[in-house]
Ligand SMILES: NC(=O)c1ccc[n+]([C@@H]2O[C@H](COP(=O)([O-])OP(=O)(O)OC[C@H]3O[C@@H](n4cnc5c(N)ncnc54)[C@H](OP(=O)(O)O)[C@@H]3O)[C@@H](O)[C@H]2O)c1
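In structure tokens, the next block holds one chain alone, the form predicted alone.
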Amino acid sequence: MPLLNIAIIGYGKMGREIEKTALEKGHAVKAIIDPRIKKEGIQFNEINKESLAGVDVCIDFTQPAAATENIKKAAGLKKSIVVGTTGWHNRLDEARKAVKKNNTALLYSPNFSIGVNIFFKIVEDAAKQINNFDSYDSFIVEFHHSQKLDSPSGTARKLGEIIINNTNRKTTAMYDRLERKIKPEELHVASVRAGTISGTHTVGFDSSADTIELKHTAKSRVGFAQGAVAAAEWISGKKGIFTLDDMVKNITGGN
């Protein structure tokens, strides 16, 4: 594994955890970039030629409003980037064009926990089984800390896509408050924001006879940081647009 010079974009709780994980693995944190230039540890307040000098891969955990522009700026400077920020995927086409134009690489994911990506596969398999039994209805409930900037989470949206893609009777995910009875073809996704919860996602299948629940609970931000740094290692030297699922399939041989 080659050692990397990493730029961390966004120096909040996740940024600090990524710094710690990267250093523990022997990588160099070449730059820490955040608009809050006066905060301890921040070296630069913008992405430019100076702040990305000598950087191999950038890791972005910022805000939805900033993520796409950060990708464009990094790509324009011929730098590959790993993006763990969620809530920006409505502008994914813009990011793709910038990465392809500059022949760099982007790896993004709604969740960088390896455990969550295993959970995605478990939910997919369960949904395929449930699809054979009309008596079961599906739902998703997710919990996060009160400081999270998007709702529902990117992970909840991904879980919703998995259910819809593997259950014929569900066609639409409903993320907003409902003032009416939910339709049979709609999948209800509920979000709770409170305290310091790192992240809990429950996928349920309910019938008149019983309820089946699949649940993933994040214990800390360490798993997300480890996944992000592993993604930076994997993407180094590559060109193109990838997700964490691509990385996991590559490492496991597609299993």
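Heads up: residue numbers just count along the shown sequence, starting at 1. Note that this is a predicted model, so its numbers are computed, not measured.
Heads up, the form predicted together with the named molecule isn't pictured, but that's what we're talking about next.
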item: Which of 172-180, 125-133, 156-164, 77-85 lines the interface with the named molecule in the predicted bound form (heavy atom within 4.5 Å); value: 77-85
item: Residue (of 37, 194, 53, 209) lying close to the named molecule in the predicted bound form, criterion heavy atoms within 4.5 Å; value: 37
item: Residue among 202, 48, 198, 63 with a heavy atom within 4.5 Å of the named molecule in the predicted bound form; value: 63
item: Close approach of residue 234 to the named molecule in the predicted bound form, 4.5 Å, heavy atom; value: no
item: Partner proximity in the predicted bound form: residue 22 to the named molecule, non-hydrogen atom cutoff 4.5 Å; value: no
item: Residue contact check: residue 247 to the named molecule in the predicted bound form, 4.5 Å heavy atom; value: no
item: Close approach of residue 91 to the named molecule in the predicted bound form, 4.5 Å, heavy atom; value: no
item: Residues within stretch 74-112 having a non-hydrogen atom within 4.5 Å of the named molecule in the predicted bound form; value: 84, 85, 86, 109, 110, 111, 112
